[in-house]
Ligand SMILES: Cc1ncc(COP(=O)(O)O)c(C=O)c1O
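First, one chain by itself in structure tokens, the form predicted alone.
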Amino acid sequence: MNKVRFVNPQLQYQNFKTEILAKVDDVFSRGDLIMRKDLTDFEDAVAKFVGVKYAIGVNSGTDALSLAMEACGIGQGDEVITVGHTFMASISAPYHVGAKAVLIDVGADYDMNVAQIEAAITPNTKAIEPVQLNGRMCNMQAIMDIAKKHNLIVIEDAAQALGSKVKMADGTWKMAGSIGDAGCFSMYPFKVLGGFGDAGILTTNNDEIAHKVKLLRFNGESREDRKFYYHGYTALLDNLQAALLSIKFKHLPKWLERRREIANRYLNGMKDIAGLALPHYGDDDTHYDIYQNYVIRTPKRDELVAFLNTNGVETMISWDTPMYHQPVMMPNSISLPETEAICKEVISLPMFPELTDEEVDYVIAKVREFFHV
């Protein structure tokens, strides 16, 4: 078999090439490049999908996080509780507004260990930033209960979780990005909904947060009266990107279902392998996972990566070094045992909606061959 790609944006482009190029021509012909109807239409569609009043297009998921911090009033001397097992942007966002990230560990599902939150709260704690990693939501009911008890802001880092859901205590299902004060999504090209370049969106039900983010993303200027109310940023989602994302967005529900089909195929093909942990937790009655990444775990990770690479299977490791060991975070005395174990043991297998059953079966066969089963 030819190489099984980890992701394949080229194939997705070919599948929609005619529509994409027609839309590019349409936008360029209209000259609608900055803050036009394509952007507002896309924002409205995302807001409806997530189940919130507002969705605000920005340059990136990182911008969404940083603008959320500022719009929520987090600033100098404040502390934001988040996790050590995440991409650096989750940790950097508090620092961008003069605050500090306080890192806690994750659980076996790679999401925030809610049992550690209250011990990390100090008089300076202003917010909790749960990271909905790999397309799986955290225990948001517990997080919201703690936030309410301690009067804390909740900013969801839902960069990898567009379309994932969790059941709340009242029995209702809530989408990622609809529960906290703000939700932040990345539309980096390899996300479940990826742009042609970087892109992001912020969701909220809060009128004041939405208003401030809309101004901050455009140099602090109100488009209504042309006055500047904040020292803002150039962080607006380009109208062309929004137009192209709208084309893809129509297909997102079926793409998410395909991801779940692939995940189940992986599960059925590998669940009997001793020493291999799969990302299935037996809680489909409370979680709807969308498998942004299909993460498996084994102490033999490095050997498995080498074997799969030799046999034409592309993989990814997120991440082989804890973020708090990166130069920008040093020196520190942080020690998060689960995060450090995860960094030595996790590997992500190919996962994208165009992946064929034959390709999935080939990956399964090679994993089984490695484990001699």
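Start at 1 with the first residue shown and count on from there. On a predicted model such as this, the values are computed, not experimentally measured, just so you know.
In what follows, reference is made to the form predicted together with the named molecule, a form of this protein that is not presented.
Of the heavy atoms in H211, none are within 4.5 Å of the named molecule in the predicted bound form. Using a 4.5 angstroms limit between non-hydrogen atoms, T204 is distant from the named molecule in the predicted bound form. In the predicted bound form, the named molecule sits beyond 4.5 Å of every heavy atom of W255. In the predicted bound form, no heavy atom of S178 sits within 4.5 Å of the named molecule. Stretch 130-138 is the answer when you ask which of 265-273, 212-220, 130-138, 115-123 has residues with heavy atoms within 4.5 Å of the named molecule in the predicted bound form. When you look in the predicted bound form, the only residue of K191, K100, H280, K165 with a non-hydrogen atom within 4.5 Å of the named molecule is K191. Contact with the named molecule in the predicted bound form, judged by any heavy atom within 4.5 Å, is made by just one of A71, A159, A182, I81: A159. Applying a 4.5 Å heavy atom cutoff to the named molecule in the predicted bound form picks out T62, L65, T86, F87, A89, S90 from 62-91, in order along the sequence.
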